[in-house]
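Given next, in structure tokens, is a single chain: the form predicted on its own.
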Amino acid sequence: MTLSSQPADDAEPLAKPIVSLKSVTKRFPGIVANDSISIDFFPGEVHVLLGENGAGKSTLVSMLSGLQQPSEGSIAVDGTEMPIASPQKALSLGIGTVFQHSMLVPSLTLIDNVNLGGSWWKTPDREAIAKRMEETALSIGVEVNPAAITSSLSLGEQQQAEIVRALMRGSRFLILDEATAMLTPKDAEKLGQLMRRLVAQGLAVIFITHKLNEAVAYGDRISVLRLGRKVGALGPDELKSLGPEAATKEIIRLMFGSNGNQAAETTRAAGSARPLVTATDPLLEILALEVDDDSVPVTGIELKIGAGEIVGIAGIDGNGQKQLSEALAGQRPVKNGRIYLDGQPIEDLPIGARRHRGLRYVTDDRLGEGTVGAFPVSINLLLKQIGEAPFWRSGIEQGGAIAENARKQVKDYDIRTPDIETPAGKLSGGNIQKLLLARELTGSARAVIFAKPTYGLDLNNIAASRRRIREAADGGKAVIVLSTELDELIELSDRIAVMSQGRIVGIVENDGDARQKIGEFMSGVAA
């Protein structure tokens, strides 16, 4: 089976589409988020949108919801082309969106949440609202307690309440954005059953998920996005003829590409990437690590990284990667488990002590966490050594030593700054990243954790950051790279661990089948 880069859906229903995208393109500075996408959404269908992080799904949803406007192309509703200029306009057209994270106000009752945005000049008829809520809920087979305080409800119950609210506002085109990401398997199954009831009543549902078993189980039509383009579609007839197993394999091929590993191997052969390293004794060892978190608790993490080895951590954003990296760095307490560096336990040490032992952390939050924007470059380069010799003596700042260090780091790491006294917040994102790399990779670094090291950078700075990561490993450091960019992990890593819902669900050797295997783990196909 061959699908073109912009294929037609295989089974055209008799009904007319509620919403149609015609060659929709959305550009941001330096990036094309959506590239000439055409999709029709029909009543009575669950239309699943699939794609990796950065595939363009969120941008597409933001345009349908009235939060963004297309740079090119058009959106038609009921066959009539019209701009969706605002969220209010989207609601007036019957387009409702339920986001991954609840948009309900936790301290309010469901009645008050439904009434938000209503007429301010008259007292709401709470009894009438409650009655309508109950009737709407009953019509789709769920139960709600209108008087319940929202924070007292489970995530699944809050999601049902948001769907009820959308229907009360006249929604006939419902977008469920990562709707099952935070749900238990039981609640996710309930949502799937609810979607079937909604489309049976004639609604059109867009269901965005990363879980292929859900996509195949609940979807009537599936569109796959990759790098901002629609790369394939499976319609009702094709889904039925293929069956769940073959459909899943075809979706994985579309999502992750068939030649990705060949490209990575070509890159290595060309000398721009390092050969694979097989480590022996671990330099950094993580055993049965648990980290408490209200949204994504981390449990049972087991990893061993040897000197000179790069271990990538893949996964859809929000599956515990941030919690894990911050726990390793000392920014979050460890509930259970051990972290060994050079054979010595460090899980109870504060951030500074871990740094002195040789553990370094390059955060993805360059401005909010990694630097103090108002401080000069020279001080930001020493932000984690404030008060330490030779840069401070008896609490007195040694300006000469600080300046000498800054000039050397600026030169060695090619930090483009007007002056070492320039506030770090005035630098470009790429130069702030160079500053962080300079600070964390110098001195006695033994193990380095990189969180999304190239996020938001241009091509030149991406290449420079990846080169520094390879050099760190070549220098004998143990390296962890957390990234949502699969191509980046394929290029850099010796092994790749896949995280889902706070756990490592698989570890893949970076060989010729890595992309396929990672895709299966990320999509919930492999266990």
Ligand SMILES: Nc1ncnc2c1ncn2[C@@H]1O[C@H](COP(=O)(O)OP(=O)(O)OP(=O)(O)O)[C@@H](O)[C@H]1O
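The first residue of the sequence shown is number 1, and the count goes up from there. As the structure is a computational prediction, the values presented were derived from the model and not from experiment. Here the rigid core means the biggest group of C-alpha atoms that line up within 1.5 Å when the two forms are laid on top of each other.
Note that the form predicted in complex with the named molecule isn't included here; everything after this is about it.
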field: the named molecule in the model of the complex: contacting segment from 230-238, 368-376, 102-110, 425-433, heavy atom within 4.5 Å
entry: 425-433
- prompt: Is there a heavy atom of Thr59 no more than 4.5 Å from a heavy atom of the named molecule in the model of the complex?
  reply: yes
field: Ala464 within 4.5 Å of the named molecule in the model of the complex, heavy atoms
entry: no
task: May I ask you to check whether Gly54 falls inside a 4.5 Å heavy atom distance of the named molecule in the model of the complex?
output: yes
- prompt: If you check in the model of the complex, is Glu285 within 4.5 Å of the named molecule, heavy atoms only?
  reply: no
statement: Of Thr484, Gln501, Ser36, Gln68, the only residue with a heavy atom within 4.5 Å of the named molecule in the model of the complex is Gln68
- line: Note: exactly one of Glu250, Asp187, Glu347, Glu178 sits with a heavy atom within 4.5 Å of the named molecule in the model of the complex, namely Glu178
- request: Could you list which residues of 19-37 come within 4.5 Å of the named molecule in the model of the complex, counting heavy atoms only?
  value: Phe28, Ile31, Ala33
query: Would you say Ser483 moves between the shown form and the other one, meaning its CA shifts by 2 Å or more once the core is fitted?
result: no
- prompt: Against the rigid core, is the Cα displacement of Ile496 between the shown form and the other one at least 2 Å?
  reply: no
message: Please state whether Arg332 has a C-alpha shift of 2 Å or more between the shown form and the other one, with the rigid core used for the fit.
response: no
- prompt: Quick one: Pro29 and Gly318 C-alpha atoms, closer or farther in the model of the complex compared with this form (3 angstroms or more)?
  reply: farther
message: Just to spell it out: taking the C-alpha atom of Ile316 and the C-alpha atom of Ile37, is that distance smaller or larger in the model of the complex than in the structure shown here, given it changes by 3 Å or more?
response: farther
